[in-house]
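Let's start with one chain on its own, the form predicted on its own, as structure tokens.
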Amino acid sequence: MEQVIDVKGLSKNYKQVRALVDVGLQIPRGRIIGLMGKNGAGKSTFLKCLLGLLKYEGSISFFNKPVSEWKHDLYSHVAFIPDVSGLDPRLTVQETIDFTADLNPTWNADKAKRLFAKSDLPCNQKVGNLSKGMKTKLYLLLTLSKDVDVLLLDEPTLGLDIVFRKEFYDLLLGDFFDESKTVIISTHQVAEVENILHDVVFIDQGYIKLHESVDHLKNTWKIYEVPQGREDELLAFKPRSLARSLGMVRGLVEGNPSLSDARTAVPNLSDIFVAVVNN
């Protein structure tokens, strides 16, 4: 599997704060990766380092070429959605679309026409008069209209209503992603993206705590539930988390122990994330 992004020994300090510590990751083509962590875990710093927007220690390469050698050519292959304040408030929505199309050689006019035709964005309204949700929607659709190899999303649906959040991820899968693309979604809203991810990266206090495929996690982590009188049997398998309710005890276990007559369930990524970062 071709490696699109190769990160080795990546560290970043803000004065006395260690934002990233010796991060090493290899990201292949054709995957959607969830970069998951609490607020302040280092997610945004990691994405900005990938793009060379911050100084850092270590090495980062795209397509076997260091970021420092790409310069502006990198943006023909990689799209990033920063804060929506980057939009010019003086332009109308249509002028913003036209300006972005003229500026980007990777602009796909047919895709853009299809995406914006399905949106409710007011083409003649100035960007400065749009709500934050509408500005975010505009930025997302502008980004999805580019034909790039790598898409970096930093909390992409923050501030959007639930209807467009679902619509956005449907668009991401239907109009952008294919086996030639790579998508990294930074979020702390794990449940929202769980069903579209191939891999997850858990980051906490600047450290990578886990990098694994979702399928592997779902196959190797299980929730076991037994009566509280059998709690010692469950504890013998060293559960990563434990909860008691209504005379039952539930434990999240890595591996597939043999625990007779126990109820079992497949955990969600939120369960696994909490267990990993809290241990």
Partner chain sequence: MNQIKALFKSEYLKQKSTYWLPVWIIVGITVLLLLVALVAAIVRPENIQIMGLDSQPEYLRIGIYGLMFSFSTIFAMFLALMAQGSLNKEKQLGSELFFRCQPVSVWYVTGTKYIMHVYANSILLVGLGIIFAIVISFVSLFFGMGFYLGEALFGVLLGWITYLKAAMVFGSLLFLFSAIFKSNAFMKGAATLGILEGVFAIIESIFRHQINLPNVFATLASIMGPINLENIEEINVALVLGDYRVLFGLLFAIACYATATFIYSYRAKEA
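Numbering follows the first chain given and starts at 1. Treat the numbers as computed from the prediction; the structure is a model and nothing was measured.
The following text describes the form predicted together with the partner chain, which does not appear among the structures shown.
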Answer with yes or no whether T96 is in contact with the partner chain in the model of the complex, where contact means some heavy atom within 4.5 Å.
yes
Hey, in the model of the complex, is A243 touching the partner chain, heavy atoms inside 4.5 Å?
no
Looking at the partner-bound form in the model of the complex, is L91 within 4.5 Å of the partner chain by any heavy atom?
yes
Residue-level contact is defined here as any heavy atom of the residue lying within 4.5 Å of the partner chain in the model of the complex; does D102 satisfy this criterion?
yes
Only one of 244 to 252, 31 to 39, 50 to 58, 219 to 227 has residues with a heavy atom within 4.5 Å of the partner chain in the model of the complex, and that stretch is 50 to 58
Heavy atom distance at most 4.5 Å to the partner chain in the model of the complex, all of G24, F202 and Y207
no
Interface check vs the partner chain in the model of the complex: of F177, F80, F116, F164, the one with a heavy atom inside 4.5 Å is F80
Given a 4.5 Å distance limit between heavy atoms, list every residue of 192 to 210 close to the partner chain in the model of the complex, or none if there are none.
none
